[in-house]
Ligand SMILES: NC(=O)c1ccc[n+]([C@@H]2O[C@H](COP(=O)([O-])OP(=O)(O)OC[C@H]3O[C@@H](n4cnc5c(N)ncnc54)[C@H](OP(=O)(O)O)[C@@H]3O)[C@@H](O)[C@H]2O)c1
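Here we start with a single chain on its own, the form predicted on its own, put down as structure tokens.
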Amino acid sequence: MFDGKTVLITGGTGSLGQALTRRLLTTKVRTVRVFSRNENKQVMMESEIHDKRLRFLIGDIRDKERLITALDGVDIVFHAAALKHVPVIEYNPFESIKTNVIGSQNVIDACLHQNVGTAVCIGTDKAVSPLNTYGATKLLMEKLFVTANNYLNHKKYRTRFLAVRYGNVVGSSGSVIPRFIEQIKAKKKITITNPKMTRFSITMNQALDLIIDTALNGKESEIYIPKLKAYSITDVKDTLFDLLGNTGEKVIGIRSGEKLHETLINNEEMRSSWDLGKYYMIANPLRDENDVKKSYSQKIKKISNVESYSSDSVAKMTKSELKKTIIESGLLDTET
């Protein structure tokens, strides 16, 4: 799919954007355009990744005219740009709407204007039954992308719009495991919001596989979701204490906008959800079930007898699996 293609990544200097760029450069892609507003990160990224197929474009997704120019000749778009930090967004909701909602609409409009072939947006578990402003803006992003496929009925447009949805990547900036590691290395007590909390476990490679498989195999108006195991915060704590030493713990209570468990498919969405084998898929509820089946060459089946897909209802990682994941993430090698 990527042979000879031009790809643009919004938010391309973020942790996901950089990892996706590196993955794409292992293919026969023609050009990868990294679109972001942070010039310093672009300079750093360019100094680390030496490839003549890379292009660095300064721009903000709030600026539709800039997006239209940046998308000239682009075949595939991965939309990863967003304001993401929950407390910051709770304090600055207007700004998050300008970026996460209006910015996403600008990406859609620019894709349609330039007749981009495929556009995939990067969603989050926080969009499911959202409890905070961040989740609400990402839910709207998903809705915009799914609904944008209505334009496929117009002969003027050809863009396939798709979405992926997953939780925090293990080791991503601001997530719990690197925070615990930093506290332990500083000989401080780790701060636990609630010992009963659970989270889905997804590695960067799993996230990249999902994103690329969605671009390759997605049809239209769909949200792709990985099949994952979960972990408990208590197991993370115990595993890190085994690896780095026990510095004690302090329970500080759940923060505003935070959930006890992650949900990737809620009970209402289950009615439109399908098991694809490797992944789950939420189809546009307006699509006929027989039409959905016909669009796939392999056998797919509706998900039944499951109320929701949440981190407290799936298999948990064993401590040995969790230990292996943490070690392979490279987080323990980071100097403080």
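One-based numbering along the sequence shown. Since the model is a prediction, treat every value here as computed from it, not as a measurement.
Keep in mind the form predicted together with the ligand is missing from the figure; the text below concerns it.
- For the candidate spot formed by N92, A136 and G257, no residue has a non-hydrogen atom within 4.5 angstroms of the ligand in the predicted bound form.
- Contact between K64 and the ligand in the predicted bound form is not found at the 4.5 Å heavy atom cutoff.
- At the 4.5 Å threshold, heavy atoms of S313 stay clear of the ligand in the predicted bound form, well away from it.
- Put simply, V120 is far from the ligand in the predicted bound form: not one heavy atom of it is within 4.5 Å.
- Within 4.5 Å of any heavy atom of the ligand in the predicted bound form lies no heavy atom of T21.
- Stretch-level contact check against the ligand in the predicted bound form with heavy atoms at 4.5 Å: of 265-273, 296-304, 52-60, 281-289, the positive one is 52-60.
- Proximity to the ligand in the predicted bound form, taken as a non-hydrogen atom within 4.5 angstroms, holds for one residue of S221, T124, T214, T239, which is T124.
- Though the ligand is absent from this view, in the predicted bound form it lies within 4.5 Å of a heavy atom of just one residue from V74, L228, A110, A81, which is A81.
- Taking the ligand as it sits in the predicted bound form, the stretch 181-209 never comes within 4.5 angstroms of it through any non-hydrogen atom.
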